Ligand code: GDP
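We begin with a single chain expressed as structure tokens, specifically the form predicted on its own.
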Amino acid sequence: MKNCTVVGINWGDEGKGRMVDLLAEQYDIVIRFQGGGNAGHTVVNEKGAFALHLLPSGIFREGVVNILGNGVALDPENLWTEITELRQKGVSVTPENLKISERASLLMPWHRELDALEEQRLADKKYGSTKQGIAPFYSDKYQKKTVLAGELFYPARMKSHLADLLEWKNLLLTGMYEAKPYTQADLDAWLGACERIKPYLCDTTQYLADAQAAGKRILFEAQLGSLRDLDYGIYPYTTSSNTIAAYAPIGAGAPFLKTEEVIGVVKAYSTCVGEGPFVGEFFGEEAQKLREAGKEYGAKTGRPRRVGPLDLVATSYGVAVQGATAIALTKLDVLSYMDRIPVCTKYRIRGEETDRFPFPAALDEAEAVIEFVPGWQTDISGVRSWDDLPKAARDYVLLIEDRIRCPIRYISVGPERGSLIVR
């Protein structure tokens, strides 16, 4: 079986967690290769309902090894909390089924504080951060001002390195933000969490090289979606890492690996958490109906998600930059209440219509060109075969497939593993 990457095609929140949880049964290794604890991958299976933030969504499958790669923003405190919560619900998390790259940088307590301080200062121009410290973390990483997880095995070096970082970071906190400086005592709880995750650290690059030689099957799991990619998204309203499939082997810690298949996850309508342009956004009663039908609230923050019609312009762009080879369409069942379904087929910018996704600065002027297709107005949550779907539902899927020029292989009609149609 080919190595595969599961990615988000739009703004994130498409349902990647449920697809990785489903597909992980066919793989030996699942790897989170970027992002941090601002993720909210929702998984519903026989063990219960879970909202994962750092742990890979293959953690529920026995015999599957889960890896946090060097591209991840490794928050030891939140990770340990997540491990503890899963164990309390009967999920096994051990150094045998969870391995963390020794080259992953550690997210520090001041990263979360800086995130909140910056958003506060930006006021009505904020980027919509989840305040999990992601942007300050990646900023420090590229300034070479972070600690690698593997330094925990070199305590003398770690102590000296932390002292240097503490002095440097306090200059910023006190001088720019007039905030309270950190002391070594403030880091004690953080260091305790670091010690607890220490048994999970290893040379994952060598582990993956050995796995490749042994013919192991590898599944890469992305966080967020194409439009939140630092380079190809709606900059500056993006995350601070690369969410695209091409980055997967690098962030996983194994640039020699190839990913031959890319499954892009698309929601049957559009949702967006956070700030930034969102062409075709619903407001008022129309938005609330869709939000309630889809239970559209952030898995990490609980924030109401912005909602709108399926955006074929943005989706086609996402398919292209991800190099998607197949699509998983999620939450088709949510649209069952509509008598007619709106679809954004083009953008209108300065009087001109286009089906090409524009440069980010042009999005402020873009208006959605909406077409309506017939709804099916019947519950499809129990449907398990393509032929049993109402004709209007099949036509809607075929319309999407034709416009985005990528085959739709999976159709989700509910959050559970089995609520799926495979074409």
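Since the structure is predicted, the reported quantities are computational estimates derived from the model, not experimental observations. Start at 1 with the first residue shown and count on from there.
What comes next is about the form predicted together with the ligand, which does not appear here.
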In the predicted complex, Asn45 touching the ligand (heavy atom, 4.5 Å): no
Any non-hydrogen atom of Asp333 within 4.5 angstroms of the ligand in the predicted complex: yes
Partner contact for Val413 in the predicted complex: the ligand, 4.5 angstroms, heavy atom: yes
Heavy atom of His41 within 4.5 Å of the ligand in the predicted complex: yes
Answer range among 385-393, 33-41, 353-361, 368-376 for contact with the ligand, defined in the predicted complex as heavy atoms within 4.5 Å: 33-41
Contact residue in the predicted complex, chosen from Lys169, Arg305, Arg112, Lys141 - any heavy atom within 4.5 Å of the ligand: Arg305
In the predicted complex, residues of 11-32 near the ligand [heavy atom within 4.5 Å]: Asp13, Glu14, Gly15, Lys16, Gly17, Arg18
